[in-house]
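First, one chain by itself in C-alpha cells, the form predicted on its own.
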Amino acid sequence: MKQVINVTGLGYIGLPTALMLAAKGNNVVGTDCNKELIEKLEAGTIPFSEAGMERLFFDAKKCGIIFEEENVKAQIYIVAVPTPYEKQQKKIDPSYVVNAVKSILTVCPQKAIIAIESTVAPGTIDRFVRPLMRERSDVCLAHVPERIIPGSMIWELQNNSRTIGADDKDTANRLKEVYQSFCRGEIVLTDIKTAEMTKVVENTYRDINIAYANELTKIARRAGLDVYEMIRIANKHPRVNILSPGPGVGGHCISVDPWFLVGDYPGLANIILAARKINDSMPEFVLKRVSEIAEQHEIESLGRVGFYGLTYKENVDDVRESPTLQLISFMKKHMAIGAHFYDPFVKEQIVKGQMFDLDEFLKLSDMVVIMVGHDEIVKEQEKLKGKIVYDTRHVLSDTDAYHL
C-alpha cells in the first residue's frame, strides 16, 4: 500500500506542490482550514491564476488527489502555511506553522515525518516547533524550504534544486525519495537550521542586489545619467551582474525574509538593513517623481493620473507586499487621493479607485505610471500615445516615456 502524503495549506506553495505530487503518482490529501477553498477545489475551481495549473489540476484529480478541511493519518506531512512577520518587531509570526503542527500531531502515526516548507526565520523550528514534539519523539521533523515563484511555479517545482534539512539521514532520505518523484534538480541534504538559514540568505542576496540597483537609480538621477545604460555597460564585465531597478520590492519572499535576519541579529545585519530601507523607500521615491512630472506638465489633479499594475510582479495575480500597494499607503499618509488604478490580473476590488477596463482606465488618464510590466501593456503600448508616461519598469519601447 502506497504511503499517504498530507499537504497542509493550499495556497501559492501548498496547492501546486500537492497537485504535482499527486500527478506524479503519489497518494496525496490536500488540507486547508478554509472551508470555502476546499469546496472550490472539490468543484474544480483553481483559486489563483498560474500558467500550467489547469493541466496539472486535471492530472492530479485523475490520479486521485483528495481535498479535506482536517488533517488525516499519513506517513508524510508537508506544511505550507503562511509565515507573516510582525512589521514593528521585524520578527516572524510562527502561529500558522505552530497551529498546523499541533493539528498534525493529533492524528499522525508513529514514525511520520512533518516537513515544514513554509519559509521561516533561522531557529524558528527549534524555538517554536520542536517543543511541541516533546511527547512525540516517535515523529520526525524536517525543513524543506519552498523555492518557486509565481509565474513559473510548475517549471520551477520540477527543475529547481531543493534543500532538505533533517535531524538524521533516514528522515532526509525518506523525504528525498518523495521529492525525487517530481524534482529533476539536485536535492541537497543538510541539518534543519542550515536549511532555514540558506532560504533566508538566498532572498536576502537578491534584495541587496536590487537595493544596489535602486541606489544607483537615485545617484544617476542626481548626476543626470541614464541608470539603465550604466547597468547595461557594467554588466558586460564577466563578474558583474547588477539587477534591474524598480518601484519597490514585493512578494512574500524578498520583501519579507531579510527582516528575519534584521530582527534576530540587530547590530550585525547592517548591509541587510540598509538594503531593506533603500527598497522600502522606492514607492515614495516614485510618488515624488510622479508629483514632479505632473507639475512639469501642469496636471493639477491626481484624478488624471492612472497607476497601471497592482501585483508585485508581471503576469501574475499575486498582490502580496506589492510596490503599488506600498505607494498607496504613502498616498494616504500625505492625503494624496483621487488617483485610479488598473491591473488585468486583479479581478476583485482591492483598492479605492480601481478600474477593470484598460480603455476606460486610459480614457481617464492624462498621465500613466507603469508600476508592473504586464505583457498586456507592452502589447498595447500604442494606446499610450498622447499620454504622459512614467515607465518605472523600463518595459516600453517609447523613448519619450519618463523612467526611474
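Predicted model, so just to flag it, every value in this text is computed and none were measured. Residue numbers run from 1 along the displayed sequence.
Note that the form predicted in complex with a small molecule isn't included here; everything after this is about it.
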Which listed residue (255, 118, 214, 322) meets the criterion of a heavy atom within 4.5 Å of the small molecule in the model of the complex?
118
Of 364, 33, 350, 51, the one that lies within 4.5 Å of the small molecule in the model of the complex (heavy atoms):
33
Verify the contact flag for residue 82: yes if a non-hydrogen atom of it lies within 4.5 Å of a non-hydrogen atom of the small molecule in the model of the complex, no if not.
yes
Residue-level contact is defined here as any heavy atom of the residue lying within 4.5 Å of the small molecule in the model of the complex; does residue 150 satisfy this criterion?
yes
With the partner left out of view, is residue 179 within 4.5 angstroms of the small molecule in the model of the complex by any non-hydrogen atom?
no
Contact test in the model of the complex: residue 276 vs the small molecule, heavy atoms, 4.5 Å
no
Answer yes or no: in the model of the complex, does the small molecule come within 4.5 Å of a heavy atom in every one of 8, 99 and 199?
yes
Just one of 290 to 298, 264 to 272, 246 to 254, 166 to 174 has residues with a heavy atom within 4.5 Å of the small molecule in the model of the complex, so point it out.
246 to 254
